[in-house]
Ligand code: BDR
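Read the single chain below, which is given as C-alpha cells and is the form predicted alone.
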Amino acid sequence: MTTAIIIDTDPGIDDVVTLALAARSPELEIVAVTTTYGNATLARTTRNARHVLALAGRSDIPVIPGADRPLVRPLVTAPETHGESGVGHAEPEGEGEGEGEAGPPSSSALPAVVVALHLADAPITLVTLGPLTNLAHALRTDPDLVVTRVRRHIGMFGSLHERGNTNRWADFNAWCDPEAVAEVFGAELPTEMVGLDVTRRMTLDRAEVVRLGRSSDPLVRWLADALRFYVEFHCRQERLDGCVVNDVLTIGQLLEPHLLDFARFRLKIDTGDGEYRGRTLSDPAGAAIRVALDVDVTAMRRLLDRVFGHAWDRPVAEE
C-alpha cells in the first residue's frame, strides 16, 4: 500500500536530496511537487525540482510553481548557504536562462497547493520543506478543500530548544514568512513540526560527500556536487567538517514511522520584526502541534541508501 503525498519545496540542497529519496521510495505516490521561493528564487527552485526528478527518472511527476515571495515581507533568499542556483556546485539544466524560466505561478489562477490537491483523488499527506507561503495561500483560497484533503501535514520548520539558523531563535523557513506559519497554526491542521531540534543531528561528513562524487550513478554525482557547496558553507560558518541535511527527516518519517519521537505542544510564532522574528514557542493559547524531539539517525542513514546506494560506504580510490 502506498502513501499519496504532495511535496511543497524550495530546492535547495537538502531539498533535492529529499526529493530524490521520495522519488526512489516505492511506498510513496508523489501526486505533485509544488515550488516556492526560499533557498533561491522561484524560477530557480522550480528548475531544480524538475531537474532532480528527471535525474531520478520521475519526469512524470507534475511540478507546479507557486509563491515567489512571502505573504507581506520582502523576498529574501539564501545564496550564501545554497549558492545562487540553489544547488551549490551542481549544474541544473537551464542555468543562465533567466528568471522567467519557471513560467507563471501556476497553470491557473489558483494557488499551487490548491491545484495539486485537485490532482489527488483522495486525502493526502502534505510535506512542506520550505516557507509555508504556498499552504497559507491555499488556506486563504479554499480552506475547506485543504482541511478535507490534507489528512496529515509534516513540515521542516521551527525550533523549540535548538539555536536558530537565521537568528538566535528561528529556522530559515519560519523566519522567511512567519505570517504564513501563523495562518497554518490558526487552521488547526494535523501539523507535525520537524524542526532544528532533530534536523541538526542529521549530518553527512566531508569524506562521505567525497565518496558520493565517485558514484557511477549520475543522480548521486549531481547531488554530491550540490553537497560539496553545503560542506564548504558549514565549515566556514560553523566549523563543521560536513553538512546538515535537514529536510530528509520529513520523508524519512513517512517511510519509517518510528524514526522520530514526537510530543504535543501548543505553539505560537513571533511575527514581529525584531530579534524574535520567526520564533516558534510554547504557549497555552497556541495551536496544538506535534513536535519532533528525538531522531534515530542510524535508521535515517539506512533510508538514504535508497538514494546513495553504497557509494558513501566505499573507501575513496587512491589518486
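Quick caveat, the model's predicted, so the values are computed rather than measured. The first residue of the shown sequence is 1; numbering continues from there.
Below, we turn to the form predicted in complex with this ligand, even though it does not appear here.
- By the 4.5 Å heavy atom rule, the three marked residues S159, D177 and R277 all fail to count as contacting this ligand in the predicted complex.
- In terms of contact with this ligand in the predicted complex, the residue from T77, N165, S85, T125 that brings a heavy atom within 4.5 Å is N165.
- Screening F185, F172, F229, W222 for any heavy atom within 4.5 Å of this ligand in the predicted complex leaves a single hit, F172.
- Within 4.5 Å of some heavy atom of this ligand in the predicted complex lies at least one heavy atom of N39.
- Using a 4.5 angstroms limit between non-hydrogen atoms, A116 is distant from this ligand in the predicted complex.
- In the predicted complex, this ligand stays beyond 4.5 Å of every heavy atom belonging to M193.
- Contact annotation for L129: at least one heavy atom lies within 4.5 Å of this ligand in the predicted complex.
- In summary, the region of this chain contacting this ligand in the predicted complex, judged by heavy atoms within 4.5 Å and restricted to 287-295, 246-254, 62-70, 27-35, corresponds to 246-254.
- Of the residues in 272-297, none comes within 4.5 Å of this ligand in the predicted complex through any heavy atom.
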